[in-house]
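The chain below stands alone and is given in structure tokens; this is the form predicted alone.
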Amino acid sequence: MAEVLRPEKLEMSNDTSSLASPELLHVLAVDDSMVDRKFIERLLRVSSCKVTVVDSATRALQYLGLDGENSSVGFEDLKINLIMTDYSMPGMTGYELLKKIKESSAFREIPVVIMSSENILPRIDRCLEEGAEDFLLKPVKLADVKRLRDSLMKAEDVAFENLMYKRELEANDVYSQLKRAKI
């Protein structure tokens, strides 16, 4: 006799919190210069992004909960789509922050963009090799921010389409099982 699959036994997740949605992209911007922080925050807001700004790599780690202490927000509420960080900061550089983020199982998939006013090729190469999504020279331009935003939104759209296709396949499989069971 065929086993009847009841809806509660189906393993299809309804959680779409990580998928593309009408919500704004959330960017964590890290820069020790107040002028640069305000400038990048303005560019991101003009580009329809939600922005959280912090003044150091250490504060960014605290915000993300990667400093060994409690994060400033609940981990389940923390949805960051992009991290933009200055390279040259006192205490911990943007490169060191990039390494810590890429070592984290919770945040390694978040794209990190390094910004710098210094065009030093070995530095740029090292950041890109470590996993930086991009390296932008300051002053960052609105076109750079829009390009990043569009790229992120396209990637989230592809992820959403892939998940919807997977769910459709799962639903078809469940339908076939129910049909075989003659329900």
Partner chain sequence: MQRQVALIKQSLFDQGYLDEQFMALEELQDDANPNFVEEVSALYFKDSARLINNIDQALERGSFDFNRLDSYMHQFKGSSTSIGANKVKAECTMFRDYCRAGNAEGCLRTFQQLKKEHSTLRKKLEHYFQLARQAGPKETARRPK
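Numbering follows the first chain given and starts at 1. Computed from a prediction, not measured in an experiment: that's the story for all the values here.
Not pictured, yet referred to below: the form predicted together with its partner chain.
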Interface membership of E130, its partner chain in the predicted complex, 4.5 Å heavy atom rule: no
Would you classify L121 as touching its partner chain in the predicted complex, given a 4.5 Å non-hydrogen atom cut-off? no
Just checking whether S88 would be counted as a contact of its partner chain in the predicted complex - the rule being heavy atoms within 4.5 angstroms. yes
Check D36 for me: does it contact its partner chain in the predicted complex (non-hydrogen atoms, 4.5 angstroms)? yes
For the three residues V51, N81 and P111, verify that every one has a non-hydrogen atom within 4.5 Å of its partner chain in the predicted complex; reply yes or no. no
Note which of K154, R126, R42, R147 lies within 4.5 Å of its partner chain in the predicted complex, where distance is taken over heavy atoms; exactly one does. R42
Would you mind checking 93-117 for residues with a heavy atom within 4.5 Å of its partner chain in the predicted complex? S117
